[in-house]
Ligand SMILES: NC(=O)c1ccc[n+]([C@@H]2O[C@H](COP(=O)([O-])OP(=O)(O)OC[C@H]3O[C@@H](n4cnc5c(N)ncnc54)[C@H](OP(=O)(O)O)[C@@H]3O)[C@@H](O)[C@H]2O)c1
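As a starting point, one isolated chain is supplied in structure tokens, in the form predicted on its own.
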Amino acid sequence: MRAIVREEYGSPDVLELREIEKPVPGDGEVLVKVHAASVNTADLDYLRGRPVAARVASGISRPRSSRIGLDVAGRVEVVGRDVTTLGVGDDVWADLFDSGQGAFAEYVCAPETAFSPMPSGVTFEQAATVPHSGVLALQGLLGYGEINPGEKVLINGAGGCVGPFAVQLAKSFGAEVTGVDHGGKLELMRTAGADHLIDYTNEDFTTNGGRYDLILDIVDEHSVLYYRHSLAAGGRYVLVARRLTGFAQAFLVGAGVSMTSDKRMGTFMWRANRRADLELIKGLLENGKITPIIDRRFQLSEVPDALRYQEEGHARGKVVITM
């Protein structure tokens, strides 16, 4: 089978398309024929080995696994012994973060518990955009409690991988949503359903007098204190941390703010591929409250180009890898 592999950390230039042995599922495992995968910022982080502290798990000087790719949608082709929840021919999706990755390949083998039944009425390409970014958006939005109808929610970085899902999820909960990103992504945020749009190159939402019940910060560029005065009384600020410094600051400074005021500020512990979250999103996809927004499609051989396209900030929606 063909798969994208790498032997070292680095840019997309270190990736190669190789012919490797097709895996055979062991006890409790399934072999899935990949129909589509998608690109995430996390794929780029894993490719480059950042943050450096994460290499404790992935490999200090060289990656322990040569495979790459988180989000996958496909069809079960072979089941191993003791598999009870899935059968040959089942359409499934998964975030393979905790299961060896490897979505950028013609086949992937993982424990049956890694996969969930795919939503009905969506394509493999649409399904492949969701498990990582959609679950991350959901857990961030609900990191400090449920969203009530009528609440004002601001998504900082609403035009990235996670942002459009966050906008649509917040809208599904009945929120009034403001999306923040650069001017080139205003149309994407509008398509996702944002009620209000802010181009951060022209306007600083922290100084325009707006107050929000929830700020979801996907950008992770400023101190949590930068956003404090943009929160309404009893408001919440949740950081989707991409930097260790951002995580530490949100955890420590956010805790201080939370203990000394009526506002809650901090981050959350992300749990990849959580079944309950996928089930909730599955229902929203099936009833049309969430629609994946796909920007471009690349072939398996073009994965390095797809990652460059994502890293350079060109994407207006999710980037999909088709088989």
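In this text, all values refer to a predicted model and were calculated from it rather than measured experimentally. One rule holds for the numbers: they count along the sequence shown, beginning at 1.
If you look for the form predicted together with the ligand, you will not find it shown, but the lines that follow are about it.
Contact annotation for residue 168: none of its heavy atoms lies within 4.5 Å of the ligand in the predicted complex. Taking the partner from the other structure, the ligand in the predicted complex has no heavy atom within 4.5 Å of any heavy atom of residue 31. Though the partner is left out of this view, residue 66 does not reach within 4.5 Å of the ligand in the predicted complex, counting heavy atoms only. By the criterion of a heavy atom within 4.5 Å, residue 42 is counted among the residues contacting the ligand in the predicted complex.
Taking the partner from elsewhere, no residue among 72, 77 and 108 has a non-hydrogen atom within 4.5 angstroms of the ligand in the predicted complex.
Contact with the ligand in the predicted complex, defined as any heavy atom within 4.5 Å, is confined among 159-167, 145-153, 109-117, 230-238 to 159-167. Interface residue among 219, 83, 122, 138, judged by heavy atoms within 4.5 Å of the ligand in the predicted complex: 219. Among 180, 215, 94, 175, the residue placing a heavy atom within 4.5 Å of the ligand in the predicted complex is 180.
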